[in-house]
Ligand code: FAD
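Okay, here we've got a single chain as structure tokens, the form predicted alone, with questions on binding and movement later.
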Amino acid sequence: MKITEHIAKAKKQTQFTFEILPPLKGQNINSLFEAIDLLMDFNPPFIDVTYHREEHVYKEVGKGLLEKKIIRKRPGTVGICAAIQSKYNVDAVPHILCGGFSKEDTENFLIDLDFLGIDNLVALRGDAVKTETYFTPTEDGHRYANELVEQITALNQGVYLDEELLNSHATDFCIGVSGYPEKHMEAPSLASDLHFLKKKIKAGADYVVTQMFFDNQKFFEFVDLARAEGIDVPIIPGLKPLSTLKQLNMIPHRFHVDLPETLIKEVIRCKDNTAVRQVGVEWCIEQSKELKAAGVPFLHYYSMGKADNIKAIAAQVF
């Protein structure tokens, strides 16, 4: 079932959803299932599965020479989605990136998803790899997410890269894209960021899921600005509870979001990470209750591979 159909079926009742990371290479899927099992009591209509692109490492090969090697630390997105749909009978939503994909790779990825009966996906540009200062597209790949959305929309219309195909099958993907209540780190302004979000919607995106935020007012203002720009698709808030003292600095640096001063002071007073985790849970509970009262279609939690704190939040909200 499409995400938009889940929204219609819920009849304005806020639903619980979450996002998971594929396990590190060398680990099995059982640890992932254990985390999902903790959250199934809250009846998620879908589960997002992130995609992690390749990384480049350099290994010594002797005589002072280095060999560039491509590794992928968290493979398995498509396989995990298939396993989730089979085991739990809920929709799995894979992320698909511009980075690391040529247009041909993208088309083949989409064909695999269609064959597996996966109806939804989230189209993202993706970040630059560690060896890049700025994002660089793969040869014959997409530079921007709206271009990726255009390709998916074309496939939904039965238009493949090989234009000579006859009687081609049209896919029927529901397309999600990202939104940034505090603007994307590379955008010069929020107005500019909304301009590019609108391009993704115009290209065929069906809904928006936001970057994490810790101040609901910033989400509400973002939605108001998006609506004023004519963006009328569902906008889903993304939430993540703080769980360690290290995240107080890491999250603003890595994700370019602000933390409210009240939250910062509460975390600083914590004696250990157990106390930080509790503060994070309580803060996210209050965020969730306010957003739910505002009638958002879903509360979408970034689990980052951990489920116990998400379960503690959901138990108080749903």
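Residue indices: 1-based, along the sequence shown. This structure is a prediction, so every number in the text was calculated from the model and none was measured.
Omitted from view is the form predicted together with the named molecule, to which the following refers.
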N146, N216, N120, Q247 - the one with a heavy atom within 4.5 Å of the named molecule in the predicted complex: N146
Heavy atom within 4.5 Å of the named molecule in the predicted complex - the one residue of G141, G76, G204, G126 that qualifies: G126
In the predicted complex, K103 touching the named molecule (heavy atom, 4.5 Å): no
Proximity of Q211 to the named molecule in the predicted complex, heavy atoms at 4.5 Å: yes
4.5 Å heavy atom contact, T171 to the named molecule in the predicted complex: no
Any non-hydrogen atom of Q151 within 4.5 angstroms of the named molecule in the predicted complex: no
Candidate stretches 23-31, 284-292, 44-52, 263-271, one within 4.5 Å of the named molecule in the predicted complex by heavy atom: 44-52
Residues in 280-318 with any heavy atom within 4.5 Å of the named molecule in the predicted complex: Y302
